[in-house]
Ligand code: GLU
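In the form predicted on its own, a lone chain appears below as structure tokens.
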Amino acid sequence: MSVRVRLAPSPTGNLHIGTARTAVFNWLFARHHQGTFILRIEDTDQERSRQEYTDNIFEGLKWLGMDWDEGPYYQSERLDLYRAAIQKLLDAGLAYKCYTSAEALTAMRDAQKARKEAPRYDNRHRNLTPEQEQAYIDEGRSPVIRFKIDDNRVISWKDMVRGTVTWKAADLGGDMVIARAAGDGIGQPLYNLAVVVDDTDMNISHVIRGEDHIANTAKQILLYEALGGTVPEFAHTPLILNTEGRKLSKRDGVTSISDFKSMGYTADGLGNYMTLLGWSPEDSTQEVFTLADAATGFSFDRVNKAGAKFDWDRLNWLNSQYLHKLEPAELLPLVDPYWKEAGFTFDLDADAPWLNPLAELLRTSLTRLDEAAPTAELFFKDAVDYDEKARSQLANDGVDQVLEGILAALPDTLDTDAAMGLIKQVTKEKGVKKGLVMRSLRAALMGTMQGPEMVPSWLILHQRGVAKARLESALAIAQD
């Protein structure tokens, strides 16, 4: 089987997670079968299409690792193909020019609504005489092009996700518009016509898309047949739902891939999560895997029919698994933009002696990359502000003696063994418990009683050259 699949986004908005999940399923299926993944930009809606959205789609797919094998193709550059196909349908008597006015269409729909009928075109201009058509032309009306739909037809296909799907042609709303009005000629081709022409021209073998396209599929099968094309196989994937069970939309907040990226999700974590939105591996206990790993076992036998609810907790957990495995050299370039946005001053190369251990310290506490700025803030400050609990700790009996002992014996070079030895030495010399020493150091160095592990933090601050000054500032508070 020669697999050729396509992703065909419309550049009328940023890359949505639903479109990205469709891209993931297409990519996995293509890679599993050593097939071809094609990118096609459906930009025939010139009023709403924007280059910035096209760029956003490209950037999002590349960031996720969705490399395409052909394209990008642009529908706006293929208009002659669509018009030729429409003319072929007109010449064969399978399509016709419809001059029904907007006012007449509105009146027809209002009457149907009053009768509690589903809206549909009543095909009133399907069989106009040449004289009737000329009369409309003389009135100055511009026709749309409609494709004839036989209401007696039953359209059926075997869906790779949903099994056999059957649709009555009578439920498709009457003869469908395949081109907008444009004087005496053929106007802008519409979606259902253009997609069929493209899929046929590009030899698409499988159409993988969301279940909200099922009604379009029935219409498109009729067009494939009318144009003499091979009908591809279809897989209609479950929609992504919000917590209330409705289709995920902009009203639910973050939905575009660029938003997820700016929030600090990794490409691997988000890609892994999208794979699990509707699909499960054969080993149901396996949750963490790369897209390449998923491709080896991907099939639509394991894609669910039911909608996939978006679960922020699961996404956060998966993302954290990737962050926790990163080496400092891998993590630092990822947190670099968040630190710079926070106003931190540093140089990744020159400050590597303390930035590398900082990345090592923080990585296991991160869920998202954007957390790296508030978590690391205390390491970039020359001095810290002491909160109420830290000041309370510094006011305890014996703390001033502890800090004096630390400062008196503090070496120029500090490593873990030296730090632990110094803590032990001061504990013994001052006759205090180790807990008092540790708490006092935390309050003095961090200005708070919570935060990352104390000794590694001390070493980083010492390497950066600010630990001694903080200890001296804390001692002044303790002695006050």
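One-based numbering along the sequence shown. Please read these numbers as outputs of a predicted model, since none were measured by experiment.
Below, we refer to the form predicted together with this ligand, which is not included among the displayed structures.
Colleague: Go through 310, 191, 136, 121 and name the one with a heavy atom inside 4.5 Å of this ligand in the model of the complex.
Modeller: Of the listed residues, the single hit is 191.
Colleague: Quick one: from 457, 463, 10, 14, grab the residue that has a heavy atom within 4.5 Å of this ligand in the model of the complex.
Modeller: So the residue touching this ligand in the model of the complex, by this definition, is 10.
Colleague: Are 21, 250 and 259 jointly within 4.5 Å of this ligand in the model of the complex, each by at least one heavy atom?
Modeller: Result no, not one residue of the spot touches this ligand.
Colleague: Where, among 106-114, 278-286, 205-213, 87-95, do residues come within 4.5 Å of this ligand in the model of the complex by heavy atom distance?
Modeller: Result of the contact check: 205-213.
Colleague: In the model of the complex, does residue 195 have a heavy atom within 4.5 Å of this ligand?
Modeller: Yes, residue 195 lies within 4.5 Å of this ligand in the model of the complex.
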